[in-house]
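The chain below stands alone, shown as structure tokens; this is the form predicted on its own.
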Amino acid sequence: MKLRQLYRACCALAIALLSAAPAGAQDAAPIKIGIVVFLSGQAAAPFGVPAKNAAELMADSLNKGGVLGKPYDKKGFGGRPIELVFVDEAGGTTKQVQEYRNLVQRQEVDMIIGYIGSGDCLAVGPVAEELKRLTVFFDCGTPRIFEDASYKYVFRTGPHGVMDNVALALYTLKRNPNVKTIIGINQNYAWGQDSWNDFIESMKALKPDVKILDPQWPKLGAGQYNAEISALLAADADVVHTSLWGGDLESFILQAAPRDLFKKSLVVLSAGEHVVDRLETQVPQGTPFGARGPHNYYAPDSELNRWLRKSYQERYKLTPIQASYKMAQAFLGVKSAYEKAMDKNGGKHPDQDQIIAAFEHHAWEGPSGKVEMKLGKGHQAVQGTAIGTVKHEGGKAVAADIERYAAEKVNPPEGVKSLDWIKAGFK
């Protein structure tokens, strides 16, 4: 009898404590996030690992609470701690679709943040819709994701690659108004094809008499470019455009610079910041380069940027590069959308549909400045960007002659395909 009375008293006390708890406090289970980045292969060191580092830094800092200032001072996501599950993006699109299914169906993650390769994003998007799981692309640049399809469960918190190449065309012509011939070397898949088309169409819209020469199309991960470099040297073009990235771009620079390609032509790097950061003075002076947004060299002098750089450098003894910035940007976008949905839900933890509704057309501040979900029916981010040139200073590479471009100047309006917008004169 005494045991039964004690049991009833304990139950009554538990019920009273739960009733007195703040709204939503009963649901404090960890929020499980799948993180998909390159952890092996040539894209790991210059891109995947810096993104993984940033994911770990953000999760640990947010779980402590109070590390970042308002509005990011709450622990985790609205009080729920963050738990990460890492997946290697290497292996191709078929493998990534299988890994995605495993994350959702076996690991039972609440959401997924990831993907660097444009091909992987194009393959995963329809599967996210099928499995109805919130998926945030933090990088992958092809504009086709939301220009060729419409999604409920898929978001991208970084701008697409059109911005990079429109800004690069504006920058190139401002400094070299007499350009007559252009050639390119780009990887033969969605990212490389889209980047080349965006750049040459922008150049033609800005300077109709420019002549476009036959570009080089090495496969992704080629590594050796002697034949392509010979063709570029023989073409003797005024400008060589490349959207190569990661190990491919490093190899190209290290092979092309000793053969004087950078002296013979102006080589412009649409997404070269992460390689400039690694190779430093091995990248020839005067080379224009972008960072896929206002990251690293181009980030604003803000509290968030200072925090990211200091915390990342202390933890990893490295400078955060564009992949790190964009991963941090994705985390803060999801956190702020989650807590926005929580506020609308009376302080209770939101369900997935409520998070999605709050995320659509959302805006927030990241280490690289303001991010706005303005395209793709509120699922695609836009930002301003910047382009600069490599300058050697004190044995390091810095960005000089920086030009900044507002988001509306380098992104198409909602509902208009990028190439149509470019060909119409950026109206």
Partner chain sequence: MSKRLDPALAVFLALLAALIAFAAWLPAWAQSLLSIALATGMVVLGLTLLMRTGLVSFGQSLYLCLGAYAAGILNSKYGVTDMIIAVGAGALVAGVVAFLLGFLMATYRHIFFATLSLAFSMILYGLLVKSADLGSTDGFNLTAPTIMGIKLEGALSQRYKLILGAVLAAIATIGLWRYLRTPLGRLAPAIRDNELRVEYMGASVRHAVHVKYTIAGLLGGIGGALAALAVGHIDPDSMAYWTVSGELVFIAVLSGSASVIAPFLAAAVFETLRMLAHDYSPNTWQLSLGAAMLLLILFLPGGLASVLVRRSREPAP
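Numbering follows the first chain given and starts at 1. In this text, the rigid core denotes the largest set of C-alpha atoms whose superposition between the two forms falls within 1.5 Å. Just so you know, these numbers come straight off a predicted model, no measurement behind them.
Below, we refer to the form predicted in complex with its partner chain, which is not included among the displayed structures.
Chemist: Even though its partner chain is not shown here, does residue 92 get within 4.5 Å of it in the predicted complex, heavy atoms only?
Modeler: Within the cut-off, so yes.
Chemist: With a 4.5 Å heavy atom cut-off, would you call residue 52 a contact of its partner chain in the predicted complex?
Modeler: Residue 52: contacts its partner chain in the predicted complex.
Chemist: Though only this chain appears here, would residue 67 touch its partner chain in the predicted complex if you measure heavy atom gaps against 4.5 Å?
Modeler: The answer is no: residue 67 has no heavy atom within 4.5 Å of its partner chain.
Chemist: Although its partner chain is absent from this view, report whether residue 118 comes within 4.5 Å of it in the predicted complex, heavy atoms only.
Modeler: Residue-level check for residue 118: yes, a contact with its partner chain.
Chemist: By the heavy atom within 4.5 Å rule, which residue out of 262, 307, 316, 217 makes contact with its partner chain in the predicted complex?
Modeler: Here the answer is residue option 217.
Chemist: Just to confirm, with a 4.5 Å cut-off on non-hydrogen atoms, which of 142, 172, 296, 336 contacts its partner chain in the predicted complex?
Modeler: Here the answer is residue option 142.
Chemist: Which of 273-281, 198-206, 321-329, 184-192 has heavy atoms within 4.5 Å of its partner chain in the predicted complex?
Modeler: Contact-bearing stretch, as computed: 184-192.
Chemist: Using a 4.5 Å heavy atom cutoff, which residues in 90-121 contact its partner chain in the predicted complex? It's fine if the answer is none.
Modeler: Residues within 4.5 Å: 90, 92, 93, 94, 95, 97, 98, 99, 101, 102, 105, 106, 107, 118, 119.
Chemist: Aligning on the rigid core, do we see the C-alpha of residue 307 shift 2 angstroms or more between this form and the one not shown?
Modeler: No, the C-alpha position differs by under 2 Å between this form and the one not shown.
Chemist: Align on the rigid core first; then say whether the Cα of residue 316 has moved by at least 2 Å between this form and the one not shown.
Modeler: Where the cores coincide, residue 316 shows only a C-alpha shift between this form and the one not shown that is less than 2 Å.
Chemist: Superposing on the rigid core, is the Cα displacement of residue 202 between this form and the one not shown 2 Å or more?
Modeler: Result for residue 202: no, shift under 2 Å.
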